[in-house]
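The structure tokens that follow cover one protein chain in two forms, given apart as structure 1 and structure 2.
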Structure 1
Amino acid sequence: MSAPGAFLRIAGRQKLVGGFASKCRAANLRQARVSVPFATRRWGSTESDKTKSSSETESTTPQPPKKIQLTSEKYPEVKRDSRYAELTADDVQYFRSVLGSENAVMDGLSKDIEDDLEPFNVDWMRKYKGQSRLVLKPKSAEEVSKILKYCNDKKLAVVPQGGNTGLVGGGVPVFDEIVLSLNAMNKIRSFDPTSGILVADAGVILETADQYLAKQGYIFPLDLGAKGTCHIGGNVACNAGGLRLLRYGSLHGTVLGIEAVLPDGTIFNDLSKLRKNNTGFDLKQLFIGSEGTIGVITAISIVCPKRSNAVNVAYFGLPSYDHVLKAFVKAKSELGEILSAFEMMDGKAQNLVAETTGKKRPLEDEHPFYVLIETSGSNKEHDDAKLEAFLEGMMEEEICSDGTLAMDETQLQNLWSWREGIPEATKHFGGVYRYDVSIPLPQLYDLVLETRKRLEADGLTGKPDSPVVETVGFGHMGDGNLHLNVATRGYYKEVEKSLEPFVYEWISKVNGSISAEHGLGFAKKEFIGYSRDETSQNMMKDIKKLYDPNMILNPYKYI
């Protein structure tokens, strides 16, 4: 355990208490960290794209032009369901009569489907590739209604698609499903600057919505790496979690209403602008997180908080996971209403970032654990003072061993990069197995320890040529959301067998979730049993049957 004076190296004990303000006080920055290019930022939400099987452990960065295997070839055990009709020229003619030719994009009825439709057939990770021959881009709920009614009558399968940034293959066709893209529904319908309630089309890009709100002093209550591309409708359909959940809560609480079209063409209009409405079942909740399986969300209504004036970021080294837990309780208590992020990274995760980037570490010594804390508040001086008192206590109570504060926006971005750079660092050696899971906080880090033990026992790590380079844990600690990454030198059947189903079984044992925020989609469909019992699964199937008896929406996925 470090002595209370350890912070001195950075801040100076006296300064921490007294002159701290002038030397070490966090620079206060405008909220909503500057939007850096999508290619850089997206790491933040791509941690768990690797849960289907170890055959998917190749590098996960979007590889530019590269031949992508068809999903149907990669997973030959998944067969096209013969209940679905095949697209005919008459069908296309009908869709064109509804949408116009420019919004019913066809790629020839017979062959060579690779070109025009590839962006709609291939998922963002370039892991899944469908064979759709038709993309429809309706401009209104009424047009969506006509499309779905027709498809339902004709038994044509449909996959709704937002910004196509999903990580579990939920937004692209598996076979020849028609792609219903929300791209052309991208208008902000209304915003009330008094209540902060925004109503917008499903196809509005998250960053566009947030920038619109920024001008009015408000913030979208959701932030994630793919913000420059993802759609707010898709976010709601997938119940995205992201970076602001700790502060603003889940979409189940902030979404006030939705407009959705059911498979039979019925328009469900529940676009409420009310914070309270206790008149019957809250049906819209079913659509939040339904991943396009029971209806197509065409617009949402959401309550947005005021944008904070001040943002601070601090980064600590801690001697154990118990100390991380103590820090979390203390942060919740003392930073309370201004705490907007509490991210945990283990020492090995930070070592990998240091090794692979060659960057200078924020703290001189190495520590078993690190924590990144962000505060967002309405008053810079108050936030600084709270953080100061918090840091002082952290040192006095010997909860942290060392720490540093961002003094300007560059430093703030640099500190965040030590958290956001982990996914990139873990795939540096040739392969990586990633799991994005929820675990009750007290047991959260045990999964990392147990996984290491298991890999060691199986002789898969520890030597210079071992398959496993490192096993690291990090994540949105405030949400109980762990990212377990196993960095490997490539693809190894033994590693896969060592990890699966071990990891899922372990999570199931502690009543965790095998998918904290990315959903089920195609990738995790078969693993739902580890997080939901048979009763729940049957109840879900009943809901699916109720809304989509012909099963035309997003088949081969979810449940």
Structure 2
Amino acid sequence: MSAPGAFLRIAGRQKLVGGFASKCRAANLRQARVSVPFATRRWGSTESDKTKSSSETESTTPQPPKKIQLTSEKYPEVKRDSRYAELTADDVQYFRSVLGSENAVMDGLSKDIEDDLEPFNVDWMRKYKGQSRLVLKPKSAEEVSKILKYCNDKKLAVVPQGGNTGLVGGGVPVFDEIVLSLNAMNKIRSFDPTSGILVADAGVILETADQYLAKQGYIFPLDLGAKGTCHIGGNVACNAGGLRLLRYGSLHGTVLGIEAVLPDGTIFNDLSKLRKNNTGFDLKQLFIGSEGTIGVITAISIVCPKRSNAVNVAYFGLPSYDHVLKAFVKAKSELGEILSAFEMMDGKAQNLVAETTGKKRPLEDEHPFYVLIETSGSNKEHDDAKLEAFLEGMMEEEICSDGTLAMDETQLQNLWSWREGIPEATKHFGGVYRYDVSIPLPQLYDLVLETRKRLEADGLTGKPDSPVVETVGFGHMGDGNLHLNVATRGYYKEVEKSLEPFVYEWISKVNGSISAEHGLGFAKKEFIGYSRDETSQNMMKDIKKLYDPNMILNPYKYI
């Protein structure tokens, strides 16, 4: 149970400030809360975090990074396609003439710059490693056009890359493909404060866009734990979902227009600023979620909502997944239009965050499940009244065992860090197998339980030196998106064989999707059939062949 709260007089009444009382006996005492301006969510720490003992510090020291095996060596069945030409000095010279600046061309062909190229060759999870010897950094769609036209004519394979925060190996080379980095395309082109429509280069960092909008009183309709690194163009290319989808919907709805360069160098300019444009095919939708396989997104226009001036975050401990479902139904019913996030985390996921960061837990006791709820609205008194009634009901109906509410900006950030810190915690031990899936809510957590049983039966977990450290589940309840993470001490063929195709077969049986928001990339290329029938796959292949007949864009991936 959380520490008893102090009493504070608000609006002429006494309200309880602090943690909820487990199975609250004092139904007449109401939990107070302070609405704070929306804070940029960061990994936070409190003063108590800084007082860790030396033993705690030692136990949370990250494992030294292991040498990353080349993707081509790890998966020898994948062969380099002989249709692609090999890079020459003449090619590099042409790209220099197009880009001009020496910094825009990272040339590993004429000199040894392997260490400089590694961040572009290795994915964020350190699972995949390509062998590119050339990174190009164009500053405009016109430069991208010249690069792609040349590569298409010469049959040089290209991998478009944003912030390289992908989780399925979709943004890094498999062999020696040229990396086309969008890092230098980072300008905000325009913003209309009346309509809330933003037009920006694809290489703008998500957090930068959100901070820019905050000054205008608006918010970017997408939020991710990787917002400080990922690019908005990459987000659109992968159709990222994130933490705000429950409130603002998917990018298929918020993106109004796209500028993209096709493989032959043609610039597709559809940067519409219109909410309605019913003139034939909505072609921009082809690029949203295409993972850079039919064109390189160079700019987007997107409608952004007003930033809420009353934001609350509550964090609960619950005794079972059934109680999580009850809490979700209650939140949708009673919080309605102000509910902006409903995140589920199992106890093992929160244990990993505690172990790897040494942070003080928000709740005193440990619980099998946790839920983080965020509300955001424009009327503080209205929101407070709705949240107050909801919290009372959660306690009186014994849906939650314990809980706490952010009372200021620091606490709000800290509570969010317990959700956003899970991905980093799971890769702390040397490796992690991540599965981003959509499953009907009643069966959503069953996959975690079945995966644990599978790994135990295969003898891969349960011992101090077992490959598998922990299997955890967390995700976005609002859209049925589970993140199944298997934390390991490295990457092992026996673990991969135990998990795949088992996970995908299980998902297929409950009519789920093997990718909810991370895409398919290299990791799931062999398993698309578990979610898409043959007709759908053939249609995607036909579209790929139509726009990229030489197959130069992002080869060896899902299509």
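Just so we're on the same page, residue numbers count up from 1 along structure 1's sequence. Because the structure is a prediction, the values reported are computed rather than measured. By rigid core we mean the largest C-alpha set that fits within 1.5 Å across both forms.
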Form predicted on its own - which displayed structure it is
2
Did P501 shift 2 Å or more between structures 1 and 2, C-alpha, core superposed:
yes
Indicate whether A406 shows a C-alpha shift of 2 Å or more between structures 1 and 2, with the rigid core used for the fit.
yes
If I superpose the two forms on their rigid core, does the C-alpha of G253 end up displaced by 2 Å or more between structures 1 and 2?
no
Once you lay the two forms on top of each other by their rigid core, how far has the C-alpha of Q443 moved between structures 1 and 2, in Å?
3.6
Students should find the CA displacement of W418 between structures 1 and 2, rigid core aligned, in Å, to be 4.7
